[in-house]
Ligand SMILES: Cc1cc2nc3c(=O)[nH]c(=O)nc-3n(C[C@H](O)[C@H](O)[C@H](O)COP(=O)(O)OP(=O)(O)OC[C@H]3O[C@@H](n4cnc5c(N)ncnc54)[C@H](O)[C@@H]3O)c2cc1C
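What follows is a single chain, given as structure tokens, in the form predicted on its own.
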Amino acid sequence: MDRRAFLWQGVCSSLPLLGSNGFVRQPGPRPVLRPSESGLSEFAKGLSGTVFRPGDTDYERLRKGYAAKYAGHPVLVVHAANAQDIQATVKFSSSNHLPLAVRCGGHSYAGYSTCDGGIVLDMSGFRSLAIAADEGHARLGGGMLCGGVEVETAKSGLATVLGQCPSVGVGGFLLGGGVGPLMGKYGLGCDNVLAAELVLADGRHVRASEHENPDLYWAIRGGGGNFGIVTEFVVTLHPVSRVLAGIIVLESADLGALLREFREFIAGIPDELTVIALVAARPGHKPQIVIEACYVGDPSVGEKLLAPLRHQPSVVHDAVQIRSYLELEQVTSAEIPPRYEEHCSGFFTDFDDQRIEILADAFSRAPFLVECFLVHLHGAVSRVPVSATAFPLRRAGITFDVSAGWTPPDGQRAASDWIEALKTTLPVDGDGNYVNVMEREGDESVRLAYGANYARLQQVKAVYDPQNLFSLNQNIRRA
């Protein structure tokens, strides 16, 4: 999903879109034992790929991610060239008790794309794509970015379920679930994973599919990076070339009214239509809801479905048209600089008046830019049984992510206080959250996020990563 004020900027470039302040909590470095210089040098010599150390040209760029407040200082950044490099890095990290962060696109809100005092494993050497002869599936290198996948599959009039930001890595996206404009009809990104190859904590390179390590296959479809490092995904491809899609912007001083319009519109929409909304407000400007709509099917039917929304008097911009799916996916800028943000997220099945009033009131009183993604889960997403994959949100409803941006050095306190106040007043379902947008919220929040699937995930963790080497994620601890 995302990124904030940069989202969909191509379509909305003519609008006076809300600006962005940046918004961060600087975590203290984890106490780790630094390997000797000779040990580091010996390890680096054994790799086919490149190692970056503090002071090297690209080290500063590679140690950072989207979440600016988590700009870690790893001992090494390893640009792996092959699976053997990954296996060696896993072994070295484990034997030296070093934190290990896996970086694909670097978009982790919780800053898990980097670490202090450990190793960052850069997966950009695994950017490969091969479409099967029957065009039913594709093999994606574990370091591919969403934009690169979409460009290549579009050449054949095909697509898989990916998000809205070209620079997001497929690894984190697919492992955490994966919401995007095709999910109403074709399910989540993880629902389209047919198989994966992983390097495990013990160094083995294994395959996970319905028939090979099926417990691991179940866990990686929504369970995040807890179980291994994926070197390759096999994903389903769908015949998607042209869609009725685009951005609709609603604007009004009455944010509650806009939210009710959105709620009324999404009630009962068919599988073929997926809508994702960005609510944005800042002092001195009318609130906006920027809605990305994507209809996969007969355009004339889609036009009728979208008409009630497009004819609202609050609409100030409407860019919905028949376009290539690739064009829709390239609206978001591929270059998104790091930002300082505080987040809160959750899920609710009922977008009732109480929740609308709480959001509208909080946004109207925010002294800085605040934004909220509202992702409507329905259709193919909600028809999968909860126990079929690790991803827990299999009921119709809305998963949301609120962010408040801030500017260092002293802007974090106000943003954090505003987020905490919202969290204490906004009711959410007792179980279920989208782990890809969660902050560093601790074990209990992760347990609640996975709900009924958590115990089984613990059991799989005990089998494949009993020492919790892969801990820099929304971490699942072994049973």
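Position 1 is the first residue in the sequence shown; the rest follow in order. No experiment lies behind these values; they were computed from the predicted model shown.
From this point on, the text means the form predicted together with the ligand, which you will not see here.
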Query raised in the report: For N192, is any heavy atom within 4.5 Å of the ligand in the model of the complex, or not?
Result: no
**Report entry** 4.5 Å heavy atom contact, A404 and the ligand in the model of the complex
**Finding:** no
Query raised in the report: Should G222 be classed as touching the ligand in the model of the complex when contacts are defined as heavy atoms within 4.5 Å?
Result: no
**Report entry** Contact of C344 with the ligand in the model of the complex (heavy atom, 4.5 Å)
**Finding:** no
Query raised in the report: Can you say which of 72-80, 300-308, 177-185, 345-353 gets within 4.5 Å of the ligand in the model of the complex, counting heavy atoms only?
Result: 177-185
Report summary line: Residue within 4.5 Å of the ligand in the model of the complex by heavy atom, from V102, A196, I291, L393, is V102
Requested in this report: Work out which of P287, G106, G246, G118 lies within 4.5 Å of the ligand in the model of the complex, going by heavy atoms.
Outcome: G106
Query raised in the report: Looking at the ligand in the model of the complex, which residues in 123-159 have at least one heavy atom within 4.5 Å of it?
Result: M123, G142
